[in-house]
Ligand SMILES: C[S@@+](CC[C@H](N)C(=O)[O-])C[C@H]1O[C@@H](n2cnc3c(N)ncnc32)[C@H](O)[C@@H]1O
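A single chain, nothing else alongside it, follows as structure tokens in the form predicted alone.
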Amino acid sequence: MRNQVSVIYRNVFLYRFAMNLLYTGGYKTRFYKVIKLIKEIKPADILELCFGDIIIAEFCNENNIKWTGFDLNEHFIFKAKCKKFNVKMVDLSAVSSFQKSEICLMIGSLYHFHDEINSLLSKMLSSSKTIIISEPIKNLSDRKNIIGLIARKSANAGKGEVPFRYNEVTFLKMLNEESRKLSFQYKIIDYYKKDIIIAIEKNGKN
């Protein structure tokens, strides 16, 4: 039986409102940090995993970059399709590979896959020259205020509650371990609010 998603995942406008609270008004800036890196790379196409919102899609549309979004949330899929974006309902855990793209992007969702991180990163590396990840490394759900309440109530994106969260130590430890297993290098691009933004490339590639 399909898990009931948290209420904020059922409406993109409610999702944006909640995320703005979590990022203290800086929700869109989180995306602009990633967009700045995309501008530097100048890709022809982007695959965004667990896209949720369509801020990156809108940027790509305005800049003649082919964008494809994968998500499991029917509400986000419907909203993006209404805007004529190229989206597919995909369970990232269930597929053996992703389509080819210059950039494979994931914003704020890596913790959902921590139990299968090697498999996910392997598929991302096989798909793309560059992986961009923006991931929360500060656990707001521990706070005893409205921010903590929202964080705790927004943990189910469609595959069940996810109590696990990365912090900076566990996130970098994971990257170091997986970089040896999968032969990639990563670079910390920036920190913003509770997120760390990194770029990953296979060893031996420019």
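So that there is no doubt, residue numbering starts at 1 and follows the sequence shown. On a predicted model such as this, the values are computed, not experimentally measured, just so you know.
What comes next is about the form predicted together with the ligand, which is not displayed.
- The closest non-hydrogen atom of residue 86 lies beyond 4.5 Å of the ligand in the predicted complex.
- Mapping the unseen interface onto this chain, residue 126 falls outside it, with no heavy atom inside 4.5 Å of the ligand in the predicted complex.
- In the predicted complex, residue 80 stays away from the ligand, with no heavy atom inside 4.5 Å.
- Under a 4.5 angstroms non-hydrogen atom cutoff, the ligand in the predicted complex has residue 109 among its neighbouring residues.
- Only one of the listed residues (34, 57, 50, 46) places a non-hydrogen atom within 4.5 angstroms of the ligand in the predicted complex, and that residue is 50.
- In summary, the region of this chain contacting the ligand in the predicted complex, judged by heavy atoms within 4.5 Å and restricted to 25-33, 58-66, 177-185, 38-46, corresponds to 25-33.
- Residues 71, 72, 73, 76, 90, 91, 92 are the ones in 58-92 with at least one heavy atom within 4.5 Å of the ligand in the predicted complex, listed in sequence order.
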